[in-house]
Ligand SMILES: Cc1cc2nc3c(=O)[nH]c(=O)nc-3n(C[C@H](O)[C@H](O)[C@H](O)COP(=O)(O)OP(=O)(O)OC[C@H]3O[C@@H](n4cnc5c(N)ncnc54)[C@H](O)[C@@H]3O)c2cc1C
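Next up is one chain by itself, shown in structure tokens, the form predicted on its own.
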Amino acid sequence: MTRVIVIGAGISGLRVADLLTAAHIDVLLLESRQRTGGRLHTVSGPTGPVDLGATWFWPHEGRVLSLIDELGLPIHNQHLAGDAVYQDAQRTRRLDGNPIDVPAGRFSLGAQDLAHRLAQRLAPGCLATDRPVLAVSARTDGLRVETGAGALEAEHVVLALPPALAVSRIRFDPALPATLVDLARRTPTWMGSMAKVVAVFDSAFWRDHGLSGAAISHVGPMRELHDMSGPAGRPAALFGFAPLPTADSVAPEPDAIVRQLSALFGPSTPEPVELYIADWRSEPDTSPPDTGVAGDYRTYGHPAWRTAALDGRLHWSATETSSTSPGHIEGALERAETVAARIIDDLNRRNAA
């Protein structure tokens, strides 16, 4: 018997486990991947870290800022200076200034650094990777969690993964209410129908031409682009979002990306030294098979996510369930703090009874 089992070691699941550990509550964090971080995913390129998932945080997001300060993470500001570019079917034109970007913060070692630091604070044996959960069932005094490596029991279980993924991958006994399952299936997985493209260059050449690196395109394949360079412009990188709205959508080919970059930033645009295409729709540990069908973002922060299921023991903690900055790191942290506080309160009341 473990007091709390958390399913999913993305930033929300890590923060739930971190807060419960700080409260001296026995917790086990299960992750189906072989890494932590979820959609905070940083790869190490030859010229420095590159984020293939979450990239930004914003000045009003107090939970992120507080945790950054607590963990001592190096950060830098999003590059804003220079003109932007606008592309439609008729032409590509340079805009005066940068009306696309807003002030934002960046993790200098990559966003996954936040996840790594939280994981390092957990007690030995608290985190188990490569441990997908197959089923959650109710017992008289708690919940039973079945994994490929055996069954576990806990007083509380936290679902720190997108709702649509949870109901498509995990069997629940008794079955969750039909209205809740329908809500989960209709809730889009943030980044689940998107490819993130990162092009790394020897230098931030666009800055030399007075460009910010920001662009909006109605031609594609990338519809929105930004400067993603590190501190002092190293590594020098541009990134863009390529929508993949249906299950049949195909991620952009490298040649199409290179052509678009030349159309946006001029014929002298150099070839990228590295090119990453992260198709989050194809990530089975992020997106359910029918992720292209879900598209009702009004389900984010729905009141149903704030009610624990299975006799008050099964909690929702993904960023999609937050009413505060849903889809962002801040939203994931808000849900983590709320859920952890409720579990701590419940366990304290049971101990006092």
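What you see is a predicted model; the values in this text were computed from it and never measured. Counting begins at 1, following the sequence as shown.
What comes next is about the form predicted in complex with this ligand, which does not appear here.
For the marked spot (Gly8, Gly37 and Trp280), a heavy atom within 4.5 Å of this ligand in the predicted complex is present in each of the three residues. With this ligand left out of view, the stretch that reaches within 4.5 Å of it through heavy atoms in the predicted complex is, among 124 to 132, 243 to 251, 180 to 188, 75 to 83, 124 to 132. Site annotation in the predicted complex: the residue of Ala215, Leu238, Val157, Ala160 reaching within 4.5 Å of this ligand with a heavy atom is Ala160. A single residue from the set Arg207, Arg144, Arg94, Arg169 has any heavy atom within 4.5 angstroms of this ligand in the predicted complex; that residue is Arg169. Of the heavy atoms in Leu165, some are within 4.5 Å of this ligand in the predicted complex. Shown alone here, His328 lies within 4.5 Å of this ligand in the predicted complex, counting heavy atoms only.
This ligand in the predicted complex is not approached by Ser323, whose heavy atoms all lie more than 4.5 angstroms from it. In the predicted complex, none of the heavy atoms of Pro288 sits within 4.5 Å of a heavy atom of this ligand.
Residues Gly37, Gly38, Arg39, Leu40, Leu52, Gly53, Ala54, Thr55, Trp56, Trp58 are the members of 37 to 58 with a non-hydrogen atom no more than 4.5 angstroms from this ligand in the predicted complex.
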